[in-house]
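Just the one chain here, the form predicted on its own, laid out as structure tokens.
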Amino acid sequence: MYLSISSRLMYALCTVTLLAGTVSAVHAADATPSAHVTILATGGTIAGSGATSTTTVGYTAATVGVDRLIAAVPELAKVAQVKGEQVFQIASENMTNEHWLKLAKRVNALLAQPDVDGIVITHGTDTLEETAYFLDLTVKSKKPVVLVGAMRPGTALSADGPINLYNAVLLAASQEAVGKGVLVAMNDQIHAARDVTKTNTSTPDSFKTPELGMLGYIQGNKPYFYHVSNRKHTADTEFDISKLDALPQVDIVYGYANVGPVALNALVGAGAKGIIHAGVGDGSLASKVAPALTAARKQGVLIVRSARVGQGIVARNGEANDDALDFVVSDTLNPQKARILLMLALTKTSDSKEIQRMFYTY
């Protein structure tokens, strides 16, 4: 039997309250917590609902507001004094550069306040890693910023949103997270924004950090860090978005067998200031595409060689003579994150050597 929308939401709230109760049972602290955490909601699956309790795909994202998300996990009050703010209400495939700029400015404004100790951002998982890395480069504070999402809507029998949100608030309220950069809390794990990626279309363990490894776990109401990233982030970056209203156009061109220059030429013709070439293997350039990339660079378009593989270092002067071509390589950044860094780099300089330094720094 199908339930009405209001009935489904009430069912979801009851379900997650029961789930959250298991957290309460193991939490010993009863005193009012001292940390103040603001939850900025942007939509996504964590705020989604499905037609039935077994709908884990084909649901509707971004239907539940931040107040309901907080009310559904009353145990949040035991780890922090929590306030909520609805910044956007969208599915994350619709995230834009303008959304990022607005969000980063709001995060910076909140963290500048002495009564805000940390930020949690609820977000759709499709572009969560990109938003996290953008904030990792533009947040100007060492206070914790934690992104969190869910792979299943709150109406599902096995909804992961409530415990993910609880863990994210716990992490943002902790001293252990200070100075660690922007973090992602999913599936009881802590990941660095720079390195984490979504690896599965639908399972709850989708977020992983291949090769370089996650930073730690959240267990028994405590975060445990085992290592940290040594790349510069947050307060130590050179990027300032406080006066920016737009970002340069940077697009991604995907490599594959029999690829031609049509997509690349169209993007350059549409005004791209930078191109991320997601090449095969170690960022290899197909013979049909290399001349178009070379021509684009001569027109002033910055070219970054990345790889569709998703893991490993793209070797400078490896599969192409980057020095002669005046190209940049992405180091270990995947194409979607390389795009973010190139956009921000282009707000500072168009010197390819300086931009290459940034790719080795961040």
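Counting begins at 1, following the sequence as shown. Quick caveat: nothing in here was measured; it's all calculated off a predicted structure.
This protein has a second form, the form predicted together with a small molecule, left out of what is shown; the following refers to that one.
Proximity to the small molecule in the predicted bound form holds for all of 44, 59 and 198, with the criterion being a heavy atom within 4.5 Å. This chain is displayed without the small molecule, yet in the predicted bound form the stretch 85-93 from 280-288, 174-182, 85-93, 222-230 comes within 4.5 Å of it by heavy atoms. Contact with the small molecule in the predicted bound form, defined as a heavy atom within 4.5 Å, holds for exactly one of 150, 275, 215, 76, namely 150. Residue-level contacts in the predicted bound form: of 167, 125, 131, 138, one residue has a heavy atom within 4.5 Å of the small molecule, and it is 125.
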